[in-house]
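Before any questions on how it binds or moves, here is one chain, the form predicted alone, in structure tokens.
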């Protein structure tokens, strides 16, 4: 446990030292939200209706920023070889690195979502729904992205390839995240139905992705 805590703190320090992935993600999030009204026009009703979807798409793209460096930086400086030889299971190391990435990238997006939702004229119930779904759904995006990051860890500039590999598997999370956020504003579908499925997807990703990512890292080492 001490080794895992030390690894988590190391990841946080590295994220802050290289410029802060959270700040970069939030700025990218803000840019995408800001240009949407210029593309769609000043119709507040339209912005309010599609606001949750825009926030979710922006959060998905912002989460992918820096995700390709999740294991690549360790592979380049030799840290990954030390992690292979550690007594701590590689699957737990993957979990800790994913949690650190979410804490520095996903969590700032969740905290910024209510403010950015106001820019899209999203009402109170919709803001609460978007924030809750992002809080539950963004960890799934990180865990799914970790698989792509592990597959491209040995490749230089594998960010585009990682995005191509990861994006199709994030579609279910995006669908049910947007559906739950939209249901929070009212409608025929109860909020808890898509929200429960979103929670299940996150739990499934958290349970399976560390094993898949660890297997990809071992295969890349061989």
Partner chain sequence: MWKYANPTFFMQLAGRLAPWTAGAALLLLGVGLYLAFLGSPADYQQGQTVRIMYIHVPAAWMALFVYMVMTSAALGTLVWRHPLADAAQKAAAPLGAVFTFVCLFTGSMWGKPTWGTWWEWDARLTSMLVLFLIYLGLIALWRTIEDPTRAAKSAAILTLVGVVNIPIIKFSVDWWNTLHQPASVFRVGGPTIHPSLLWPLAIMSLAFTFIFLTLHLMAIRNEILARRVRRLTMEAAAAGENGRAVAASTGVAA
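All values reported here derive from a predicted model rather than from experimental measurement. Positions refer to the first chain, counted from 1.
Below, we turn to the form predicted in complex with the partner chain, even though it does not appear here.
Peer 1: If the criterion is a non-hydrogen atom within 4.5 angstroms, does every one of 151, 176 and 201 touch the partner chain in the predicted bound form?
Peer 2: Yes, the whole candidate spot contacts the partner chain.
Peer 1: Quick check for you: of 167-175, 37-45, 23-31, 51-59, which stretch puts a non-hydrogen atom within 4.5 Å of the partner chain in the predicted bound form?
Peer 2: Residues of 167-175 come within 4.5 Å of the partner.
Peer 1: Pick from 147, 127, 100, 120: which residue has any heavy atom within 4.5 angstroms of the partner chain in the predicted bound form?
Peer 2: Contact check passes for 147.
Peer 1: Does the partner chain come within 4.5 Å of any heavy atom of residue 65 in the predicted bound form?
Peer 2: Looking in the predicted bound form, residue contacts with the partner chain do not include residue 65, since no heavy atom lies within 4.5 Å.
Peer 1: Taking 4.5 angstroms as the cut-off for heavy atoms, does residue 206 touch the partner chain in the predicted bound form?
Peer 2: Because no heavy atom of residue 206 falls inside 4.5 Å of the partner chain in the predicted bound form, the answer is no.
Peer 1: With the partner chain taken in the predicted bound form, which residues across 187-221 come within 4.5 angstroms through any non-hydrogen atom?
Peer 2: Heavy-atom contacts to the partner chain in the predicted bound form: 189, 194, 197, 201, 204, 212, 215, 216, 219, 220, 221.
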